[in-house]
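Take a look at this single chain in structure tokens; it is the form predicted on its own.
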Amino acid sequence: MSVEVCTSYDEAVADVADGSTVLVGGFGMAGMPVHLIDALIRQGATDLTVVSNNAGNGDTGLAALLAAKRVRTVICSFPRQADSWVFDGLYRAGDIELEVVPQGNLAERMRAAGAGIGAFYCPTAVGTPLSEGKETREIDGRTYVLEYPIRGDVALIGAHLSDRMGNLVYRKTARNFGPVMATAARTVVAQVDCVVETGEIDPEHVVTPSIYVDRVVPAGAREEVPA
């Protein structure tokens, strides 16, 4: 069984629908699938909910998607950094919604989606504005907040290698949210540095098994630039 190896970034995101929840990998720019995001901008899908660790850096990648005003809501842990001026401007103008999720909760909510867990209790955010309106429960003398899974219609992630089955290997800090996002989305698209033949990757090095991956796009794929 082989994964779909796309010849262009635009082909890989062609079916992303308006209103989709899109999980975007990356920790800052590390592991961010910039070429896939650029293709999504060209594709034109709008009214998106984006789930990512950050709310964009500088003017590229996720920040460019926000600047194109294709995103209705951002769910993230760190919406503001020194270079998050695109999000900051949109939020202050009331042009985008924000849900802040503690980083560990963000990862666990997506992991729960992939594991088929209906909800879980967590002590993080107890007694803060992030727990307002949420169910709480005392367990063994400690208060916990009920958190629900985050599921995506699409996950756009970056990896180092894929084989033709779609098994993924990440490189250093680019292995951040990609693995959990791949388990939590209906369709998973990976931007990779290289596609190798099946059998060339040591099974012990595989982080995301092929069963979670639908499409891969190798470096050097075409970018359809509008005339």
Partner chain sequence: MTTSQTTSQTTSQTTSSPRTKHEIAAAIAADVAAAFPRGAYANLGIGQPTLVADHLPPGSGVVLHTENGMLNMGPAATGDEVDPDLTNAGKIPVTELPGAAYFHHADSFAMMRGGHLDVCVLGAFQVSATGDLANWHTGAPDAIPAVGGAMDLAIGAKEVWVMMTLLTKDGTPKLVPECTYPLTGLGCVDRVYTDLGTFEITRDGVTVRDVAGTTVEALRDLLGPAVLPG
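As the structure is a prediction and not an experimental result, all values here were calculated from the model. Positions refer to the first chain, counted from 1.
Unshown form predicted in complex with the partner chain; subsequent notes refer to it.
Asker: Do heavy atoms from each of 77, 80 and 175 fall within 4.5 Å of the partner chain in the predicted complex?
Answerer: Per the other structure, all of 77, 80 and 175 touch the partner chain.
Asker: Which listed residue (180, 39, 65, 51) meets the criterion of a heavy atom within 4.5 Å of the partner chain in the predicted complex?
Answerer: Exactly one listed residue reaches within 4.5 Å, namely 180.
Asker: Just to confirm, residue 199 within 4.5 Å of the partner chain in the predicted complex by heavy atoms?
Answerer: Judged by the heavy-atom cut-off of 4.5 Å, residue 199 is in contact with the partner chain in the predicted complex.
Asker: Consider residue 142 of the chain shown here, and say whether it contacts the partner chain in the predicted complex, taking contact as heavy atoms within 4.5 Å.
Answerer: Yes, contact at 4.5 Å.
Asker: Even though the partner chain is not shown here, does residue 210 get within 4.5 Å of it in the predicted complex, heavy atoms only?
Answerer: Contact check for residue 210: yes, within 4.5 Å of the partner chain in the predicted complex.
Asker: Please determine whether residue 103 contacts the partner chain in the predicted complex, using a 4.5 Å cut-off between heavy atoms.
Answerer: Yes, residue 103 sits close enough to the partner chain in the predicted complex that at least one of its heavy atoms falls within 4.5 Å.
Asker: Can you list, in sequence order, the residues from 85-108 that come within 4.5 Å of the partner chain in the predicted complex, counting heavy atoms only?
Answerer: Residues within 4.5 Å: 87, 88, 91, 92, 98, 100, 101, 102, 103, 104, 105, 107, 108.
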